[in-house]
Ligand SMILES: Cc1cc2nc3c(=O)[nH]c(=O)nc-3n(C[C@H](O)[C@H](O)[C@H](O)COP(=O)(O)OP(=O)(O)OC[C@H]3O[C@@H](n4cnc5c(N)ncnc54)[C@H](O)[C@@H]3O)c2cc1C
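Shown below, as structure tokens, is a lone chain in the form predicted alone; questions about how it binds or moves come after it.
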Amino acid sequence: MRILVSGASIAGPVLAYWLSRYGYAVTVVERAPALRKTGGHAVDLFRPAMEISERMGVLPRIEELATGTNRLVVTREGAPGPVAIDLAKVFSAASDRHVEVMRDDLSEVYHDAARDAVEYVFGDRITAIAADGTVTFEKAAPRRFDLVVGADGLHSGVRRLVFGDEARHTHLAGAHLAVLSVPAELGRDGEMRMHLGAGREAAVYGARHLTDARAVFLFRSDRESHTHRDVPRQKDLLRRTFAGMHPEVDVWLGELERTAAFYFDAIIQLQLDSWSRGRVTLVGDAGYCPGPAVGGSTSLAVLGAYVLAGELAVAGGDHERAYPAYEREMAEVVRRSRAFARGVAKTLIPSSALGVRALLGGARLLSALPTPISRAIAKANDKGLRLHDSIRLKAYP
């Protein structure tokens, strides 16, 4: 049975690994000419994704590539001095098993796990999918597949071909995210420095194995940028939004024209009722992104890929049985992740000075409390910080 997966970032390689383990012939097509190894941002893996990675045999390598960021130094706009927060304690309250790793490093680890058992095609993309499984590519000759899976991210080309216009399925969370590469000397190993104000925050961090540092910008905005590839316009918006925040932030913004890598997008939440149609289904951000940077979308993508492959194996490749079972298994997790992300987007980027003080005060409290107490408080609400740890993995043969 031949299965085509579109996208070689996170969900695609994880899905390809498990499908190949179950005996399917898997092809992964990726529009980029090679695995992306510049730019990107740090992502979090929580307990379910950690367990799946462990079952894949790649967890030690992921842990070796951890960013090691365990201290946050926050300067509030208008405040006399910075406040230090123990991030290790904050993450310990959120999850019993957690690692922060650069997205591009994680993608490479998952790719390498099954590269010898999977056909990878870089520098191409899907342009049409017929009902009988015949797929047309931009460059390669058409090929027929039994199933097609879109794992090609928030702006999925497969989703657009099968489900139509993106705007009909998205909800703007009222915020934007930008990440750019900056010189390594601007970051410090193990530490993130942040400037926090009403409606905007900027931070910089590094990691031991990186040759650069990363500056991250989050800001509130009710306008969705429909030109998510218009880089000059995005950079101009970033400069205007963060003008005058702090001299250190000005230095980070000064790298905009020199940066080797730049990412910018609205924090968008997908709200499809179903992720499957005919032979085609979606996984990860392509199908149910709760919102970049706010909803644990990376862990959700790893979980979704594991579940989809498992349900296909249980159904013997019968997608008419497997796809509905996959959606049933993921439905509640996705619903809770969406709700959690909406709350995080409002809390993480406060719209008022009072909200800024409340966010900083809550982080300081978690940092100051003994770990057993902070964990006990967090565990009392499995819809909040402990959302991801409350998910139990289904066992597949």
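Since the model is a prediction, treat every value here as computed from it, not as a measurement. Residue positions are given as counts along the sequence shown, with the first one as 1.
Just so it is clear, the following notes concern the form predicted together with the ligand, a form of the same protein that is not shown.
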{"item": "Which of 181-189, 121-129, 309-317, 253-261 sits within 4.5 Å of the ligand in the predicted bound form, heavy atom basis", "value": "121-129"}
{"item": "is_contact(residue 4, the ligand) in the predicted bound form, heavy atom dist at most 4.5 Å", "value": "no"}
{"item": "is_contact(residue 41, the ligand) in the predicted bound form, heavy atom dist at most 4.5 Å", "value": "yes"}
{"item": "is_contact(residue 284, the ligand) in the predicted bound form, heavy atom dist at most 4.5 Å", "value": "yes"}
{"item": "The ligand contact at residue 303 in the predicted bound form, heavy atom, 4.5 Å", "value": "no"}
{"item": "Sole residue of 157, 82, 324, 133 within 4.5 Å of the ligand in the predicted bound form, by heavy atom", "value": "157"}
